[in-house]
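One chain comes next, on its own, written out as structure tokens in the form predicted on its own.
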Amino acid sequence: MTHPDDFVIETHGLSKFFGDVHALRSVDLRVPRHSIFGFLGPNGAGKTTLMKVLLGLSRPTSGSGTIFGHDILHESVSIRERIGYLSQQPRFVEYMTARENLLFAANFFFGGPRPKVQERCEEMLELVGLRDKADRPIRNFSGGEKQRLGIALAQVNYPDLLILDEPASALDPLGRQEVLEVMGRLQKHTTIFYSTHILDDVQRVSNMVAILNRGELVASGPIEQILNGRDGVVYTVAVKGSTQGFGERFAELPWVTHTSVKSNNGTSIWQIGVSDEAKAETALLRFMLEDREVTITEFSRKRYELEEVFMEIVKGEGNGSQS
């Protein structure tokens, strides 16, 4: 049973209209504490609009939302005290160094002794892997280094929630990897809610996912649930030899829900959906090996890629919310 305190962000029927444009349509979203929550959607889906509404930078047309249990409309100041935010295109004082940028930002949050402020800045530089470059001017930083500094700036005030808008969208593979590693290290300190269109990154680092399409939340839940929820658990089996009657034989097994087959250079590739994963693990391969007319060349549980599931959802092939 879940408790309200288990969720950092909750929205109920949240909507935002710009004239006749429905940017958000009755969004019900829940973001668990200490999750890395990937917020996905095609361009124009409403991701940035939702983030602005959550941050109090834009008012919803209807509906409600809370962050840390505080109302996003009437208690936005209390909320923002506990949030770190990185925009899609962060800005820095380019002639200042990374350390100077951090100290400048930290002075807005901390009024204590300067050594304590400096200690926090050094901690952030270490966390994002920039301590050895802390005294270089920002104008000489790469895109990945700037993004990591942006995360350090967003994190300098010990936020309980870190909101990142497309944190790796303009980076090369190395820069993206560096940002993902920083996000992974931050999970034990805070909840991370971030938007992106790089689905491979989401599958690598996130444990929760939501998909927004045309302003509507069409899927939300643990990433494994999203990946496996399309056709349930499916096994892939490659078979050489005559498979005549295989379909009828599978139909006799009460835990097999559906099958499909296609041929590839003399090999039959079977997709076998099951309702009882434990039973399938112990009995499915044995069942197939009883047929001496065939040779099994491959047997594995099908692994779904997020891109495949994402495309199915946004194209309407599996429309509907998961929770």
Partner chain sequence: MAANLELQRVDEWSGMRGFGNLFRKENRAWWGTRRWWVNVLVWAVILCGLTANMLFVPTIASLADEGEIARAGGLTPYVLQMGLSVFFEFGLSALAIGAVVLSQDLILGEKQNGTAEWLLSKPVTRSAYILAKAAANGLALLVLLVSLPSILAYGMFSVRLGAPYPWQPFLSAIGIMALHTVFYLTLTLAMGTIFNNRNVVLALGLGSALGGNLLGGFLKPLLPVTPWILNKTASLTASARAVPFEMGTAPLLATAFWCVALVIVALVKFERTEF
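Numbering follows the first chain given and starts at 1. What you see is a predicted model, and the numbers here were worked out from it, not measured in a lab. We call the rigid core whatever largest set of C-alpha positions still superposes within 1.5 Å between the two forms.
This next part talks about the form predicted in complex with its partner chain, which is not shown.
For the chain shown alone, Leu285 is not a contact residue for its partner chain in the predicted complex, no non-hydrogen atom being within 4.5 angstroms. In the predicted complex, Asn207 stays away from its partner chain, with no heavy atom inside 4.5 Å. Although the partner is absent here, Arg80 sits close enough that one of its heavy atoms falls within 4.5 Å of its partner chain in the predicted complex. Its partner chain is not shown here, and in the predicted complex it never comes within 4.5 Å of any heavy atom of Thr196. Checking Val117, Val233, Leu253, Leu180 for any heavy atom within 4.5 Å of its partner chain in the predicted complex turns up a single hit: Val117.
Here is the short version: of Gln225, Asn140, Ser242, Asn107, the single residue with a heavy atom within 4.5 Å of its partner chain in the predicted complex is Asn107. Figure note: of the listed segments 93-101, 243-251, 212-220, 124-132, the one touching its partner chain in the predicted complex, with heavy atoms no more than 4.5 Å away, is 93-101.
If you check its partner chain in the predicted complex, you find a heavy atom from every one of Arg59, Ser87 and His189 within 4.5 Å. After superposing the rigid core, the Cα of Asp135 is displaced by 2 Å or more between this form and the one not shown.
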